[in-house]
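Next up is one chain by itself, shown in structure tokens, the form predicted alone.
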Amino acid sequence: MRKTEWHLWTLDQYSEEEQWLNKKAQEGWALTEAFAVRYVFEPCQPGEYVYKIVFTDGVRGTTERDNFTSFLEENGIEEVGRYHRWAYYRKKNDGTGFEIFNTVREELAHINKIRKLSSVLLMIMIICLSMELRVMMVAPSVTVPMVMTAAVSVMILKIYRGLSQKAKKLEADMALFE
């Protein structure tokens, strides 16, 4: 018996999404597919799996990506879903924990990759918004595309700020250990 759930997470909520997946696994539901906002689960033994989500480098077929995947597979970690550069990994819960990043520096680099993507998206939205404002100067009226562009820009700015806060916390943690 499979079940499908729909859930929307933003770029800065990947750790919350991870917690949600691990809670589902504790309840006896193993993730088998993940794509955008759609998650497919199958029954499993409660707590059988542990999940991690990673914003990966490159695409399949690149040496770096293939080496990373091979390394994970050698350590009993399998990829169960992929959406663009987001990869969903799981391993059997053996009680030893499941960490993809060995150091705070690696985790900070991960957050900075996501933050870089959000800054590019924000720049694109600002360009779109400025184009909408130029149109408004010719024909003064608020349009649906303008409102949507502004709303998405605000959402991406919120995501960027959330990622920046996570990065600052990790930088502070890193300073403690140096």
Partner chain sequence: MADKNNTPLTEAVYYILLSVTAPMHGYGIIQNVKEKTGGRLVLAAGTLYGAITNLMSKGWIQIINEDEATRKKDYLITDSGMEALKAELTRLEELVKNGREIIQE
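Bear in mind the structure is a predicted one, so any value in this text is a computation, not a measurement. Positions refer to the first chain, counted from 1.
Although not depicted, the form predicted in complex with the partner chain is the subject of the following passage.
Segments offered: 64-72, 108-116, 25-33, 128-136. Contacting the partner chain in the predicted bound form at heavy atom distances within 4.5 Å is 64-72. Taking the partner from the other structure, the partner chain in the predicted bound form has no heavy atom within 4.5 Å of any heavy atom of Val80. Of all the residues from 101-119, those having a non-hydrogen atom no more than 4.5 Å from the partner chain in the predicted bound form are Phe101, Asn102, Thr103, Arg105, Glu106.
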